[in-house]
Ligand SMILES: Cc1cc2nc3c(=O)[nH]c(=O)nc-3n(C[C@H](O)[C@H](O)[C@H](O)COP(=O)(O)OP(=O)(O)OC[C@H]3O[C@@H](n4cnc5c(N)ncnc54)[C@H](O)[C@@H]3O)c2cc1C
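The form predicted on its own is given below as one chain in structure tokens.
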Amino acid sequence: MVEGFLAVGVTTSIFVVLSAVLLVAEKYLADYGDCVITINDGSSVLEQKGGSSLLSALIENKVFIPSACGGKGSCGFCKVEVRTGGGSILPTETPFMTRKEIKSGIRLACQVKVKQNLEIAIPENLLSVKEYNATVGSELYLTYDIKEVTFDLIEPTEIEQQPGQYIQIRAPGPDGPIFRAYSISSPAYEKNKVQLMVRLIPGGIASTYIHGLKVGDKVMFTGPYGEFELSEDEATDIVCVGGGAGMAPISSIIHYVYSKWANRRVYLFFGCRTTKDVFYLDEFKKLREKYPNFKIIYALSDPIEEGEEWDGDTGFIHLSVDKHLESGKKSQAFLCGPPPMIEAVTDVLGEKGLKPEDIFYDKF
């Protein structure tokens, strides 16, 4: 038996050594030369030394696409259409793809290696994504674990964003800089600053970094990203559903709507665990005094503790949506929260008559 274990150990050691040798050989000996990356039928042409991932090559040339995991192949955000030169799709990519996407040549840019000339296609709006340098203008704890941070833009000095979009902030990681996605909470008409709401995740690299920022600190981020499409039709009701730091895009949408349409109907459904998680309620009540068609429903999911005062809903927030939202109304819905909440609310909205194309959310 001992000999068997020794044989397995020797075999494993040989495999590890050979794998390491192959990785080193590919890194230092493989020379793919200079490669050309053609984007969107020639609207942009990049020259890049071969060997890096497509995602890294694009970032190096200031072409930014979503990548919440920082290129580790775990988020599935960095999808591009590779028309030629990308090789076969890898097993690490298929879990993030539908059959239609696989047939259409959709790939994860972080998993495609630049070994030859490439022809790719990306949404045109991503070509306008920029890199921003800013300083921390203000910081405020909204709850015990959610911090509101405002970045004053330095270069460029203005940002063009749509309600509900997000940025990717650069944070120092143990193996180099990483990027993480956060929704913009400031309204689109505020062009000289970007505000975020960030929940502190124990052990989270980016959230720990942001919670440690102080006024005057310098930051860098890219953006804006996201495909929320707010209807310009005043007769279309807006339904916003979220919880925790999911308030960020919701706050942006609400303030933008009432900067343009004073009589538009907006529903805000916001889920909290306890009264300690409630924030912005008083501010929204003041906004409702000015705009009576603004409907506010907060709900607590945990039991009310003895001595606490609460006159709002109780239970999970999808139950409040089911209770208060009228059926058959022309509506758009914008959701931001954990996947179980999004799934439960989406089911309720479908029962209320909303079509899938009228429901928007980002999965991060």
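Source: prediction; values computed, not measured. All residue numbers are counted from 1 along the displayed sequence.
If you look for the form predicted together with the named molecule, you will not find it shown, but the lines that follow are about it.
Contact annotation for I201: at least one heavy atom lies within 4.5 Å of the named molecule in the predicted bound form.
Proximity of F77 to the named molecule in the predicted bound form falls within the 4.5 Å heavy atom cutoff. Taking non-hydrogen atoms only, K290 never approaches the named molecule to within 4.5 angstroms in the predicted bound form. Within 4.5 Å of any heavy atom of the named molecule in the predicted bound form lies no heavy atom of V82. Exactly one listed residue, out of A68, V321, A57, A299, brings a non-hydrogen atom to within 4.5 Å of the named molecule in the predicted bound form: A68.
Taking Y267, Y182, F221, Y256 one by one, only a single residue has any non-hydrogen atom within 4.5 Å of the named molecule in the predicted bound form, and it is Y182. The stretch among 202-210, 125-133, 234-242, 269-277 whose residues place heavy atoms within 4.5 Å of the named molecule in the predicted bound form is 202-210.
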